[in-house]
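We begin with a single chain expressed as C-alpha cells, specifically the form predicted alone.
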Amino acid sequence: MIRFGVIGAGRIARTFAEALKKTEGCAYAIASRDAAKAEAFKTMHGFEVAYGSYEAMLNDPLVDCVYIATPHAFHKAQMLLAIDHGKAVLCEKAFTVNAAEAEEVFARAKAQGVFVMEAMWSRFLPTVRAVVRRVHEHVIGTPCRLDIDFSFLGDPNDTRLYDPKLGGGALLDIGVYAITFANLIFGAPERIETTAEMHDQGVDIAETITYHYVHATATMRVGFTENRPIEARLYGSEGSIRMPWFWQMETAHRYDKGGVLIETLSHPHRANGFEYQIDEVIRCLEANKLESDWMPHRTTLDILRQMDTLRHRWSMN
C-alpha cells in the first residue's frame, strides 16, 4: 500500500484527504508549520501521524509519496526538498509559477530517480476522458470551436488569490484548467490573442484568451471579478458537446447538428474527483514508473510555457 504524506493542511488538503479514503492509498502523515493544525487535521481525517514541520515528515521513512497542497509560490522549493528526501511527489496545480521552475524540478527528479506528477485532477476525470475519446472518434465531426467560461467573484480577503508573493492571479488558479482543456482537445495553439485586467497588487484578475489553430479556435474567459455559469462548449461540423462545470465534470451532453440531445455521458465521482489522480499515482508507483503517461512532464511544461507567454503579453514577466 502506498502511504501518502500531505504538506499543508488547508482546504485543498482536506479535499485530497476525503478522496484518499476512496482509493487504495493510505492516509499516513500530515505536516503543517502549525503543529496544532496538523494534529487537528490528523484527527479529523484519520491520518496516522502529524508533524509540525515539513522536514520532520520527509524524514519519516514510511512516507512513500508527498502531496503538496500549498500556494503555488512554494511548490518548487517543497518539491525539491521532497525529491532530495527520495519521496515521490504529487503537486497541486499550477505545478510551479513558471516553466523554468518546473524544468528544475523535473531535472532533479530524473537525477534522483523519483516519481513526480502535477495534480491536474481534471485530466483524470472519467467524463473528461470520455469526452476526449468521443472527439477522437469524430462523433461531432471535425471540432472547430471551443468556448470556456470560468469566472467567480473572488473574496477580497483571500490573499492566496491576490498576493503575487503567493503566486496569486486568475491564470495560475483557474486559467490553467481552461488552458489544459483546450490542449486536450486541440493541442498547443498556432497563435494567441489575449487581454487581461490587472489588480492593483499586480496580479491578473480577469482575462480573455483566444487560441488560434489552423481550422479551429478556443476562447477562454476566466477571472475573479464576477459570477458566471462555469461551462465549456465544444462545436464540431456534425454536432456539439456541452460540459457544465467542465473542470470537475461528472456529466456532459452531446447534441446533433440541429441541437437535439442524443447522448449524455455520466460518471459520478466516487468521492470528489481527486480520487482518480490518486489512483494514477498508485498505479505508477506500483509499476516503478517515474512519470504518468496521461500527465507526463512534457504536458506540464507545455502548459506552463503557454502561461509564461500570456504573462509576458500582460507585462507580468
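The structure displayed is predicted, hence computed values, not measured ones. Sequential numbering from 1, following the sequence displayed.
Just so it is clear, the following notes concern the form predicted together with a small molecule, a form of the same protein that is not shown.
Among heavy atoms of Cys284, none comes within 4.5 Å of the small molecule in the predicted bound form.
Heavy atoms of Glu92 reach within 4.5 Å of the small molecule in the predicted bound form, making it an interface residue. In the predicted bound form, the small molecule lies within 4.5 Å of some heavy atom of Ile12. Contact between Phe124 and the small molecule in the predicted bound form is not found at the 4.5 Å heavy atom cutoff.
None of 199-207, 74-82, 235-243, 128-136 except one has non-hydrogen atoms within 4.5 angstroms of the small molecule in the predicted bound form; the exception is 74-82. Only one of Lys37, His45, His269, His253 lies close to the small molecule in the predicted bound form, with a heavy atom inside 4.5 Å, and it is Lys37.
Of the candidates Ala99, Cys144, Ala188, Leu166, Leu166 is the one whose heavy atoms come within 4.5 Å of the small molecule in the predicted bound form; the others do not.
For the three marked residues, Ser32, Tyr177 and Phe274, a heavy atom of each sits within 4.5 Å of the small molecule in the predicted bound form.
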